[in-house]
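Starting off, we have a lone chain in the form predicted on its own, written out as structure tokens.
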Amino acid sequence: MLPFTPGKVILITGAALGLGRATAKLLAPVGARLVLVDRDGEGVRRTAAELGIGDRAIGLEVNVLDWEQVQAMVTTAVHRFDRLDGLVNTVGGSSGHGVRGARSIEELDLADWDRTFDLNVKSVFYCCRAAIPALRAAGGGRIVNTSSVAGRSQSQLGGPQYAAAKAAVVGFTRQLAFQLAKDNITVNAVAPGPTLSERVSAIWDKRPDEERQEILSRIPAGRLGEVDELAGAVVYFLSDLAGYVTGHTLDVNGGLYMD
């Protein structure tokens, strides 16, 4: 495991499943104190309990598109653990994800564009805006955002709204890193390729074998990623080794996109 100072307080959004849950599972054994949030309150409380670290983990039901709830989330974290050292934003998604051939801009429902930007960009903005004062008060900290190969190149499945939103996360990450470097706050992002989270696995399993082989043929590694592999990249940015890395987007995609 990467060097990690025990006792750091890390807030993870979207922690009931997927990348958020996997990141929590990697951080629990190294002494992190975890504030896990999700709109699925029952699911995120289950995740907190499954970690087996007692009162070092709490689960909160939070809608990260509600500014008042986001503010309260950070306040609760600081009241519970006296500080905040890191924020991991994993909330995202797209209504067009999984649509064969991608959704063209002519077919895209106007509300889908707004919803996708809300999920992927506004949620990150809200959580960062609320968390930064607490990170600054702790003497610095780490922010890790979630982009996508779609935001680095293009999206075969997610449509224009998803590619644009994930590219916005990359730009937001760079700008925030520039502005917060003086406060000893690093801001980085991970950009996964197709990864077998619960949501993607459900879509993947329904695809005909011919379609799956076509997708795999475009990935040099010849397989989809595992969510633990993506979580490992997140934990690197949170670790003691990454204090001089900021404004970077780390591609975790088996070679699907290389920069």
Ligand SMILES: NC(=O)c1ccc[n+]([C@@H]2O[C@H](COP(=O)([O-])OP(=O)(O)OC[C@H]3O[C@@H](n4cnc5c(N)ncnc54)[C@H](O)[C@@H]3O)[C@@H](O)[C@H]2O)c1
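Position 1 is the first residue in the sequence shown; the rest follow in order. Keep in mind it's a predicted model, so treat the numbers as computed, not measured.
There is another form of this protein, the form predicted in complex with the named molecule, and it is not shown here; the text below is about that form.
For the named molecule in the predicted bound form, the listed stretch (158-166, 105-113, 179-187, 135-143) containing residues with heavy atoms inside 4.5 Å is 158-166. Of the heavy atoms in residue 92, some are within 4.5 Å of the named molecule in the predicted bound form. Contact check for residue 194: a non-hydrogen atom falls within 4.5 Å of the named molecule in the predicted bound form. In the predicted bound form, the named molecule lies farther than 4.5 Å from every heavy atom of residue 235.
Contact annotation for residue 57: none of its heavy atoms lies within 4.5 Å of the named molecule in the predicted bound form.
Shown without its partner, the chain has 38, 39, 40 in segment 30-46 as residues with a non-hydrogen atom within 4.5 angstroms of the named molecule in the predicted bound form.
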